[in-house]
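Listed next as structure tokens: two forms of one protein chain, kept apart as structure 1 and structure 2.
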Structure 1
Amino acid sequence: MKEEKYQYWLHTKRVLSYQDILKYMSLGVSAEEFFSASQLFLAEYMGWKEKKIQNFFEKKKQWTSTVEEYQQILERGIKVIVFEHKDYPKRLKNLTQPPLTLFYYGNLPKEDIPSVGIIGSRHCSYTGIELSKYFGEELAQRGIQIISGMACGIDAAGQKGALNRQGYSLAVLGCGVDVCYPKEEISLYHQLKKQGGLVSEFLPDSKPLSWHFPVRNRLISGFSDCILVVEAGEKSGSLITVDFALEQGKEVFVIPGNVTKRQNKGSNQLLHMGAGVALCVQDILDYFHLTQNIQKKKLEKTCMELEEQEKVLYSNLNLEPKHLDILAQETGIHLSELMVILMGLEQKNLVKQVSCSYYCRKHVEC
């Protein structure tokens, strides 16, 4: 615990750069020993100039207040892990600028379990929400960890899908880990705190400043083994995450979208540039060399056993809700009979009623 206090001081008081951290670690000295280093040591072994050395000794005056701050953070139930710690996430170790300190609730992702970052636009379609949620559910059911940023829209939907299947999901925040942003996702925030994880490189109580989010996006891709883009507009912040993922050598998958919709312009452009196509969950599972799941096989069997009119109606449905009158017109089935068939498909877990008289498929594929 004593060593961790010294490490915390070194990192949070901006005493050392990332390069300095690597250098002092290579010298085999502890953080406590470095704290007590002489001017000669700093000049000869660290190569510091006089101004930087003076700043170092000036910052040492903040030691007592820093220890008090560190203790208060722990007392609030916030966990702290520093770059030098043996349990620091391996996925982040090789980033160009890894965070020197992480604050988190819950648990961080397991190193030996695949993780997928599900990202997309806040201004998304109903179909995008359903796709994100569905992929989150199916991947989590296969034991895959879901990483995202808890933003309204695609991010939150994918994470909710994972939690719906009792899976693990981590939200990387652009504010203090004790701050719920956006406030609309307070329920998801508390669920992640208990069932998954919330992490931030920003000090507790930090506000969600605009510049924080592009910075935190490198951690979303950093924690992920691959990225899945559901819907992303031409200037979506998700494209920043994609850039980081490509820099980090991560595979990027995209779900194709309607070319006439602005929320798909950025993601479709990624496909045009050579991103991997995700037409179904199995495309992601194949990347991790995982076999088709039992749930999908049951779904396929259910579809094969449908009556003729059920098949006709089901084939006219997709993830975009349709009104009863439209379905009756497209299938030629009388409205009263249509209602009975829809009730049967709902019982078979194939269809759901979105709102009054509007229905859609419950699953992406069959």
Structure 2
Amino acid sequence: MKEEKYQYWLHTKRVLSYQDILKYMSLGVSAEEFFSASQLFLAEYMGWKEKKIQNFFEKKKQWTSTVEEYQQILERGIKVIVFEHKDYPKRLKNLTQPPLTLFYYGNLPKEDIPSVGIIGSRHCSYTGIELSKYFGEELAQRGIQIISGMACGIDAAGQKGALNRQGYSLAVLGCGVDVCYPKEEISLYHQLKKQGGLVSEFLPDSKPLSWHFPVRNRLISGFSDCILVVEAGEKSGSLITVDFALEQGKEVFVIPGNVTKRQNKGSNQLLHMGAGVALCVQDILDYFHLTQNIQKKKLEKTCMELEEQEKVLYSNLNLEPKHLDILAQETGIHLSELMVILMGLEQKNLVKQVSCSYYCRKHVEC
């Protein structure tokens, strides 16, 4: 549609500053009309000086190349949505500086279904990963949409959890929507393309520059109805997302962590400042007036049916990986027997082998 091309040109070629956009929108003219506006019109209705008008006419010369660019983007399968469009996400309309153009794959979150942003450090503990995954799974199970940034660690774990339960998850990227950053998460990237959504306000092919990330964080909190901070260090980028969330008036939930571990310093500090406490999934569901599908009973049953030695071993394990030697010392079970019992627990899906000689529990119980 021609109108969309003009809109695309207006937004992406930095023709208008943010204030100017609002002014232009209040005029009630279409983008096409605005494009063909005369100097008089611009001077009178937009209040522009000579220089700015000249600049405007200069930018008009880029029209043909912009149209080509736009066509190419569409051909690559990238969807474009502009601020004026009727389907533009309502959640973002209220931001102080909403993105004027969004590029996305898959689908954007539905307006009438609740969404939760799961955020945290990249440099996190195993417990954090498991918790993030668990919350992602349980919330998606109840149909909640999970929003995050696809970063390594907490973000990716939460999103994978959601996809595991055939739920919806959106990743807001700090680079072009066709660039996969971080590249370790390439399989998650492809899954989200199919099952969820990938969105970015930056032009396709944009590199993941460091200043992009705080900027995209406002969109993570923008798309979410509330935020869950799983684990954050003292200087984590997720704290910036929390600031945006507070600005936007969104509720912030934090999972309390071990006070001695540096990975929890930031998130515990938030609790200190008055963030909501999330001790279990129900705490978040309460915000949306929903209840949890209780899968806990199955886990409890499996644990009850364990043999004596398996119980002893299972009770000595937690979410953090433990070395076999330490387990042997703590339980008094001989090494070769220990390995056999652990394999048995692995078969029952209670335990997993993190690396050659380290084991940890698989399931979160809270």
Partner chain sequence: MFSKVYTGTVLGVQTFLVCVEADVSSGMPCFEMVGNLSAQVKEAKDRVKVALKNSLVSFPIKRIMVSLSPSEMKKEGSHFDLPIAISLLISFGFIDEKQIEQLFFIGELGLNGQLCKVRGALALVELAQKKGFTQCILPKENEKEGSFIQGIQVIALSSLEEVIEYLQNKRSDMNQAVEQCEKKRNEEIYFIQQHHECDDEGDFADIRGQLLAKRASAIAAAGFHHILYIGEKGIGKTMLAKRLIHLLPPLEKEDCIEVSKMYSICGLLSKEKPFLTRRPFRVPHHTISLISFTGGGRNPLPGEITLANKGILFLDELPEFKSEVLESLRQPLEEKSLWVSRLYGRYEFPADFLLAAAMNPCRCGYYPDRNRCSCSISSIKQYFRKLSGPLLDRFDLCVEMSRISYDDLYKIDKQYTTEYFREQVNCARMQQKIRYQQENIEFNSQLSAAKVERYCKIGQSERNFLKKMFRERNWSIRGYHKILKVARTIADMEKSEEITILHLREAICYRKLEQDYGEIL
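By convention here, residues take numbers in order along the sequence of structure 1, the first being 1. Treat the numbers as computed from the prediction; the structure is a model and nothing was measured. In this text, the rigid core denotes the largest set of C-alpha atoms whose superposition between the two forms falls within 1.5 Å.
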| item | value |
| --- | --- |
| Either 1 or 2, the form predicted in complex with the partner chain | 2 |
| Rigid-core frame, C-alpha of residue 65, shift of 2 angstroms or more between structure 1 and structure 2 | no |
| Threshold 2 Å Cα movement between structure 1 and structure 2 at residue 352, rigid core reference | yes |
| Displaced residue check between structure 1 and structure 2: residue 342, CA, 2 Å or over, core reference | yes |
| C-alpha positional change at residue 304 between structure 1 and structure 2 - rigid core reference, Å | 8.7 |
